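One chain comes next, on its own, written as structure tokens: the form predicted on its own.
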């Protein structure tokens, strides 16, 4: 009987924690670091401040967990968006577009708020740097696999990294205004160049 009671309680606790983390990401993306207080996050998650503090006693605890959550979600978004496709220009276009969407979306906006805050907060920077390095490594590896690229060829590693760097820069441009049309034009041109590079190695 005790086990049966404990399991639903644990499920509810996990669900509440998940709602708080998702709300923290939404707040970071929409109102930034300074506007993302525990009270604001709790209200958005539909839980009391007391319940939020039960899971995350301090703001630092909440956003430390949110940093890890954002990291996991960004990697999973990319993994889900990059299935194995037949080689050729269509595959390259799909991969480049998927990466562009990742950097134009809410998860990148939330991560960017953390970068800005970490630039002037040593404690936060110590937490953000290794997680951001992990996103970089995994995004690079997933992109290599999705493109079917062989990094033993000269210039391929740099071309993959340029794809990620370009998408990140376009994501920054999208932060203040809707840059969708320009992003699509730029990514289309880059897809042509990248396809040509990969085709010479096929």
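Just so we're clear, the structure is a prediction, and the values are computed from it rather than from any experiment. Numbering follows the first chain given and starts at 1.
Heads up, the form predicted together with a further copy of the same chain isn't pictured, but that's what we're talking about next.
- In the model of the complex, no residue of the candidate spot (64, 94 and 105) has a heavy atom lying within 4.5 Å of a further copy of the same chain.
- Of the heavy atoms in residue 32, some are within 4.5 Å of a further copy of the same chain in the model of the complex.
- Although the partner is absent here, residue 161 lies within 4.5 Å of a further copy of the same chain in the model of the complex, judged by heavy atoms.
- When a further copy of the same chain is considered in the model of the complex, residue 123 lies well away from it, no heavy atom lying within 4.5 Å.
- In the model of the complex, residue 116 approaches a further copy of the same chain with a heavy atom inside 4.5 Å.
- Distance criterion of 4.5 Å from any heavy atom to a further copy of the same chain in the model of the complex singles out 172 from the list 172, 144, 40, 68.
- Residues of 172 to 199 lying near a further copy of the same chain in the model of the complex, listed in sequence order, are 172, 173, 175, 176, 177, 182, 185, 186, 189, 190, 193, 197, the criterion being any heavy atom within 4.5 Å.
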